[in-house]
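Before any questions on binding or motion, here is one chain by itself as structure tokens, the form predicted alone.
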Amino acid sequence: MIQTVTSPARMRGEIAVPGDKSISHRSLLFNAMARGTARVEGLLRAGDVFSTMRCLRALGVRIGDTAWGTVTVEGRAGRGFAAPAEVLDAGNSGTTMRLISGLLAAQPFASVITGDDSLRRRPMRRIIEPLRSMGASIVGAAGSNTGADGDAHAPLTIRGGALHGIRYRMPVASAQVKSCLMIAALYAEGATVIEEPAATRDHTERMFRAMGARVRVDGKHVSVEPGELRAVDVRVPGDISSAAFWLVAAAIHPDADLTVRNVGVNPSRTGILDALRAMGASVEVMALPDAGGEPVADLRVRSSRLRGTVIRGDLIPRLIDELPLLAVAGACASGVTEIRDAQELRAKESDRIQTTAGELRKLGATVEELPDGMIVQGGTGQGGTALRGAACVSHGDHRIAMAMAIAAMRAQGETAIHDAEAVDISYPQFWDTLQRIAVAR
């Protein structure tokens, strides 16, 4: 699919974005593990979440649709899962594979979990090694690019069993790895303590507490005691990673005023707001009542004169998914935007450092690729680089497709985005929303 995008004369509107992807995954999985039945409202209806739903059903979980965006989940009370008759397919979803692996490590049967070509290239040693330390048997496949990579990739063959708690220092800040180990810790003998190199999103900690788990956070240390979860109803707020595209679109456009309604603003996820404010964006946060322990707000952004900034350090885990988009903002700002400490971008659906830099260059931006980030040259005056339309490719990566669409809304001429259907992984309504807020004159 090829999607063409041009710069609109104005951008106006109020937008409701899809449900938060991270919370959607967890609401399904944790309630499947729990005792009781729960309703999940506002569930994200997109490819990654469908992968989690499909895997859980293959493990014997009953998930029923009651209305659009609302499902019921009948919990299996910890260990009541069925051995899957087939290989579990996580599709393109790293969250599905890593979190469900934590569950499978504790089950009394063998299972195999795999994914698409992209997911089979992503690193899995970061969950394999600690799960083995807890007592699970896991065998992976060698990497596609090097025989020296051992069994660090999917498909993973997991033979669950009796687990024991461990103390583990994560070498890479990753909420997926942390959550995988927290899930396994519920089934282990003794407490598990996880040390993060930098704080990551805390949706698992919040939902575990709401479901009765004994979780304690002390700085960058998270400890989990074994125990059973109880089912809880969840109302999923809008995904700030989806909202981010419209926040940047409005900030970089010369005539824009957009409001995004009902967005989750968990502090572990709001790095995009901090970065945009540092760049001089006009961002208004209007708080709403919490949804299941998650803070929620309406976000209003208007046209802004952006300036370059430095994005690095502890801020990176709070906006890792939004970095390609912030590179677009940097190209439309005055001065230089520097992104560092983001080598994790190379292990996403695509090498997002390489693909972001390459696609932005096609639009006329000056981007220097670094081992751990990018340097984006903006304009020398009050405006950024004068982008021009071009033919871009998504590389099968939903966030690259959407980031290039936002850049195209500022570019002169027409931009054609190839493989644009990649957005279905996280935001199937993206192209419709883009057309709705674009005012031709």
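Residue numbers here begin at 1 and follow the sequence given. Bear in mind the structure is a predicted one, so any value in this text is a computation, not a measurement.
Keep in mind the form predicted in complex with shikimate-3-phosphate is missing from the figure; the text below concerns it.
**Student:** Thinking of 272, 305 and 410 as one candidate spot, does shikimate-3-phosphate come within 4.5 Å of a heavy atom in every one of them in the model of the complex?
**Tutor:** Checking in the model of the complex: none of 272, 305 and 410 is within 4.5 Å of shikimate-3-phosphate.
**Student:** Based on heavy atom distances of at most 4.5 Å to shikimate-3-phosphate in the model of the complex, which listed stretch, 428-436, 18-26, 5-13, 414-422, is the contact stretch?
**Tutor:** It is 18-26 that comes within 4.5 Å of the partner.
**Student:** Though shikimate-3-phosphate is not shown, can you say which of 166, 152, 297, 173 has a heavy atom within 4.5 Å of it in the model of the complex?
**Tutor:** Looking at the other structure, the residue within range turns out to be 173.
**Student:** Between 265, 134, 232, 320, only one gets a heavy atom within 4.5 angstroms of shikimate-3-phosphate in the model of the complex; which residue is that?
**Tutor:** Only one listed residue qualifies here, and that residue is 320.
**Student:** Are any of the heavy atoms in residue 76 no more than 4.5 Å from a heavy atom of shikimate-3-phosphate in the model of the complex?
**Tutor:** Result no; residue 76 lies far from shikimate-3-phosphate in the model of the complex.
**Student:** Would residue 95 count as a contact of shikimate-3-phosphate in the model of the complex, using a 4.5 angstroms cut-off between non-hydrogen atoms?
**Tutor:** Heavy-atom contact with shikimate-3-phosphate at 4.5 Å: present for residue 95.
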